[in-house]
Every structure is written in structure tokens, then in C-alpha cells.
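Given as C-alpha cells, the chain that follows is alone and in the form predicted alone.
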Amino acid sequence: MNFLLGAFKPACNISITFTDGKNRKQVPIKKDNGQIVMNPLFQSQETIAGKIHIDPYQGKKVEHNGVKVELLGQIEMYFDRGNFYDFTSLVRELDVPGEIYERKTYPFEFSSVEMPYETYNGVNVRLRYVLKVTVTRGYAGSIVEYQDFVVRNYVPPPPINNSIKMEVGIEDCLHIEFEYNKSKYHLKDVILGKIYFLLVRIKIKNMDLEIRRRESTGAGANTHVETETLAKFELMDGAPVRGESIPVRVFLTPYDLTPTHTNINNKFSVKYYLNLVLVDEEDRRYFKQQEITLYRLKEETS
């Protein structure tokens, strides 16, 4: 029995290390099984380099038809799980066919890699970057090892960032005006604003502000939209009167936000909305939704 188990074991162990792995920032990513793992963080145009170590198990030699490492950027739709669409694919051949008897180390380097999209783990889609090492073998089956890494891209503050000002109401019953200080926010920003009651003829019980994320996947008739409420704030409890002004102050830092993603490789989009909800004494709900743009601002390093 032990002999049979041994026959199906891989002939070697493959490990991947990054050149600056110990000094590079690590960020948590949730795997399919719910486990949280720490992966190194990169941004577009960085060089990704390191070493690949192949260790044959004791007493075994590894016959192979070549060793290669690939850098892949992939999009996976969860309704089509297991099928990856590669938008970035680079390869380095590390070894010609031969045999490995003892630990062998291969340096690798991908210079100034174009990585235009951020790593994203959503409800119905994920975008990932991975190093894939393949020891190609014939009848015995190739040996493959993966190492994920995370990409985040930073942008400067937008040169134009207009405030949002809108009026909303129900004829002869309710008329409010809301104002937010900006339309574009970085992920650690604060949303400031005011809500003015110009006409109140229905009895409002409470008012909330929600941050919503809308993820769209697919295209045309196959488009699937998933909306999540990420945060909910009570702005007011009790009936407002005409002329009253309610301040808004919402800190974005505590929430798991990503930048706005627009039509990523014709596969998916991620948009964010501020949703104002008013509830009257008969539990009727009134909504007003406004899209905002989120972006990742370079963090200051001390």
C-alpha cells in the first residue's frame, strides 16, 4: 500500500521566492477555501524577479522535457469556474530537457511588467496575477507550482473634482436637496455633505446613507449584476422640519473598498454609489442613488 502511495507522489518539491520578498509589503488575500494568505504587493511597470528551487525527493531523480516559468494575469468568472482568461502572458524557459538529481536553483526575471489592472476578488469574478512553474514531463505528468502575488495601482488626485448637488422630492409632499463635497474619493477619504429639507409634508421616521458596490459581469443578454450594501449610517432619527439641515460625515477607511473598475478587459465593471434612504411612519421607503468614483491614492511613507 505504501508503495502505491509513493508511486503517485510528485517526484520533487518546487518553491518560488522573490528577490526582495522579505522587504516587500504583504497583503492578505482570501483563498477559495476561506483561508487568508499573505501575498507580496507589486504595481505596474515593476520588475518581478526571484529564484525557483527544485528539490527532488530523496532517492528520486526527475526526468523532464524542460522547465519554464510563466507570469500570468487572469480573469475567472465564477459561473465558468476553472476557465481562466489570460490578459497577460509572459514566459521564460529555464532549462532544456534533462535530469535533476539534487536541489537546483533557477533565477528568473520579468522586467518592467505591464500590469494594467488591479487584483480583484468579487462576488462573481476574480482577477489574479500568478507565477506558474512547470516541470514538463511526458508519461509521468508535468509538475506544476503556483505563486500568487497582488497588484495595486496608484493614481494622483483628479485635477477636477466637482461637488454633487441634487434636488429630489415627491410633488407637494417632500422636497430635499443634498450636497456632497466631491464626486471622486480616494479609499481613505472622508465624505462630507449636507441634506436640506425644503418641504416636509410627510412624517419621516428616519434617514440612512448607504455605500453600495455594484459588480457587473458578462455582456449583453448574459450580463449579471450583483449589488452589495457595504455600509449603512443613520443620519437622522425622528421627524425633520422645513429648513432643517443634516450634516453628513462618512469615513471610508474602515470598509473593504476597491477603486472603481470600468469595463476591465470587456469582462467586468465595479461601481460605487451613495444611496440616501428615507423611511416614513408607514414604513414606505424613498431612495435617491448617486454614483461616486473611487481611486487608490499613493500612501505617504514616513
Partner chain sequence: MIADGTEDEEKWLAAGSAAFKQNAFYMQRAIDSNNLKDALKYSAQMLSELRTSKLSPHKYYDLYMRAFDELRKLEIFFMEETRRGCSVIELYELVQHAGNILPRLYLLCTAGSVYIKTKEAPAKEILKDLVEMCRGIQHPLRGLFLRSYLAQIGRDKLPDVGSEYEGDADTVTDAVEFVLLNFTEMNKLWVRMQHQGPARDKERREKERGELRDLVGKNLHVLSQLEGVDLDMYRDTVLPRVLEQIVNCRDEIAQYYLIDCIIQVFPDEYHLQTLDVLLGACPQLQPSVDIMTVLSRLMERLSNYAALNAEVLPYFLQVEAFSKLNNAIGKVIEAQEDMPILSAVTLYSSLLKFTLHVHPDRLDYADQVLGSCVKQLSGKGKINDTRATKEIVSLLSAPLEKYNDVVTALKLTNYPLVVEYLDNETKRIMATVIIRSIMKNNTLITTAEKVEALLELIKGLINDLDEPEGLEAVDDDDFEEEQNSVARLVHMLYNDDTEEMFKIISILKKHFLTGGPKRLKFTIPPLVVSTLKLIRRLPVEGDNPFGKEASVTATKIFQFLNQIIEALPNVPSPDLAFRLYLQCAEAANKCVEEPIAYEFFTQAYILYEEEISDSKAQVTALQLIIGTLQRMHVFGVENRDTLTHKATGYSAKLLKKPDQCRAVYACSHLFWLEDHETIQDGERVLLCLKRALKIANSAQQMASNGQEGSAGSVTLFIEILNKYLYFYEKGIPQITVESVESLIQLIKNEESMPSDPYAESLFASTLQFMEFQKQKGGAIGDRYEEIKV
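Positions refer to the first chain, counted from 1. This is a predicted model, so every value here is computed, not measured.
Separately, the form predicted in complex with the partner chain exists; it is not shown, and the next lines address it.
Figure note: of the listed segments 107 to 115, 120 to 128, 226 to 234, 162 to 170, the one touching the partner chain in the predicted bound form, with heavy atoms no more than 4.5 Å away, is 226 to 234. Heavy atoms of Ser245 reach within 4.5 Å of the partner chain in the predicted bound form, making it an interface residue.
Using a 4.5 angstroms threshold between heavy atoms, Thr262 stays clear of the partner chain in the predicted bound form.
Interface residue remark: Pro254 is counted as part of the site for the partner chain in the predicted bound form, having a heavy atom within 4.5 Å. Looking at Ile36, you'd find every heavy atom of it more than 4.5 angstroms from the partner chain in the predicted bound form. Lys194 is the sole member of Lys184, Arg103, Arg137, Lys194 with a non-hydrogen atom within 4.5 Å of the partner chain in the predicted bound form. Not one of Lys25, Pro28 and Ala49 comes within 4.5 Å of the partner chain in the predicted bound form, counting any heavy atom.
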